[in-house]
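Heads up, the chain below is alone and in the form predicted alone; it's given as structure tokens.
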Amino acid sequence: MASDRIFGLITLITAVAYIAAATQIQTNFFSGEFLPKLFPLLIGGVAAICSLSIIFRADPDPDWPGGPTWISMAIAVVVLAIYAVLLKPLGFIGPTIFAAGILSYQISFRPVASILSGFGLSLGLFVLFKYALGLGNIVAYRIPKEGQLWDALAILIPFVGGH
């Protein structure tokens, strides 16, 4: 029970920090561009509500996952961190294919289906975001300039560089 409450508290602190970071996003309210700020606020709000549910309705005898599950979760976190830093230098489609394919492979160990899922999800989300939702600032692909990829990845490596 204590471990659930500790997890809920850590999640609540993370959600509050996420909401605080989302409030710092600069938007032009008069032009109707409030979605870049609203979406992270909604995600943070849902995470905060879920964490409060975990804190107040903790499982009396929680079963924590075994070692292989923790390894899979660590791989997912690393893949998503790499995805986040590669979006700007490479554009949306390439990093999304990479991340969605790896995460799909973790769910179901079928390589061909995972690759197809990565391509389908990447292209489908690009069309959804760019054309259906009208988020015109999404770039399909970019060819990075020299050193731009290293600068992006260096953010993930402590004491190496980055901004």
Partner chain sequence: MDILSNLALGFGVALSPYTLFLAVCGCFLGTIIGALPGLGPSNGVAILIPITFTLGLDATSALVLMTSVYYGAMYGGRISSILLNIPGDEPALMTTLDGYPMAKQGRAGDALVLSGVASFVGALLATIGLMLLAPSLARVAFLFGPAEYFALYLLAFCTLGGMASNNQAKAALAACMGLGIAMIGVDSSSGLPRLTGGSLHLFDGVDFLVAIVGLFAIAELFFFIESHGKGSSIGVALDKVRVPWKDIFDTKWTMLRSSGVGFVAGILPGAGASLGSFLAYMTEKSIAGPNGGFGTGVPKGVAAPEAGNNAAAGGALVPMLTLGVPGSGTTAVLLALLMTLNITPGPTLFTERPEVVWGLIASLLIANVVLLLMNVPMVKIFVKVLMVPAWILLPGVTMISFVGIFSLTGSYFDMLMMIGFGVLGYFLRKLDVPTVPVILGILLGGNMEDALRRAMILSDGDVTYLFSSPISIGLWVAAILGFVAPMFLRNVLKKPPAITD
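This one's a predicted model, so the numbers in the text were calculated from it and none came from an experiment. Positions refer to the first chain, counted from 1.
Omitted from view is the form predicted together with its partner chain, to which the following refers.
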message: Residue-level contact is defined here as any heavy atom of the residue lying within 4.5 Å of its partner chain in the model of the complex; does residue 18 satisfy this criterion?
response: yes
task: Check whether residue 129 has any heavy atom within 4.5 Å of a heavy atom of its partner chain in the model of the complex, and answer yes or no.
output: yes
- prompt: Contact between residue 11 and its partner chain in the model of the complex at 4.5 Å, heavy atoms?
  reply: yes
- prompt: Within a 4.5 Å heavy atom cut-off, is residue 123 in contact with its partner chain in the model of the complex?
  reply: no
message: Heavy atom within 4.5 Å of its partner chain in the model of the complex: which residues of 84-102 meet that condition, in order?
response: 84, 85, 87, 88, 92, 96, 99, 100
